[in-house]
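What follows is one chain in structure tokens, specifically the form predicted on its own.
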């Protein structure tokens, strides 16, 4: 299995983490997994909502020590 791509958006505020994810997705291949690290609580709702709208697969959302980890798979 390929290593998961990490988008470190800690310290960035809405819509920064989502914008960083969108920029990185442009270069990812279909099927690649990406994990966004964010200290902005809004990302935990905003990113999964955006993924549903555009059709990518949400794999996991969890919070550890004030950092949100949002994992997804590029679906198209």
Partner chain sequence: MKILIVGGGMGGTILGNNLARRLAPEMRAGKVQLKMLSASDKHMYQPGLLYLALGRMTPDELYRDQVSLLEPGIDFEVDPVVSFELDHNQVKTKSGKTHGYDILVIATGSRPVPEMIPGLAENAETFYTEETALKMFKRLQAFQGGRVVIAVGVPHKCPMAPLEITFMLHDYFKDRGIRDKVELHYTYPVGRVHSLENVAKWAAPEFDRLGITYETLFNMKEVDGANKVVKTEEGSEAKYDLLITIPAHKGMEVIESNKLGAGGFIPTDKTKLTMEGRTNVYVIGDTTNIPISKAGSTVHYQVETLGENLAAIVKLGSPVREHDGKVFCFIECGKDRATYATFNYTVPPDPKPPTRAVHWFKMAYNKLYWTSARGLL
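We call the rigid core whatever largest set of C-alpha positions still superposes within 1.5 Å between the two forms. Positions refer to the first chain, counted from 1. Predicted model only: the values in this text are computed from it and were never measured.
This protein has a second form, the form predicted in complex with the partner chain, left out of what is shown; the following refers to that one.
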### Task
With heavy atoms only and a cut-off of 4.5 Å, decide whether residue 54 touches the partner chain in the model of the complex.
yes
#### Entry: Contact of residue 67 with the partner chain in the model of the complex (heavy atom, 4.5 Å)
no
### Query
Do residue 10 and the partner chain come within 4.5 Å of each other in the model of the complex, heavy atoms counted?
yes
### Task
Check whether residue 58 has any heavy atom within 4.5 Å of a heavy atom of the partner chain in the model of the complex, and answer yes or no.
no
### Query
Taking the partner chain in the model of the complex, which residues along 24-39 bring a heavy atom to within 4.5 Å of it?
24, 26, 27
#### Entry: Rigid-core frame, C-alpha of residue 25, shift of 2 angstroms or more between the shown form and the other one
no
### Task
Spell out whether the Cα of residue 14 moves at least 2 Å between the shown form and the other one when the two forms are superposed on their rigid core.
yes
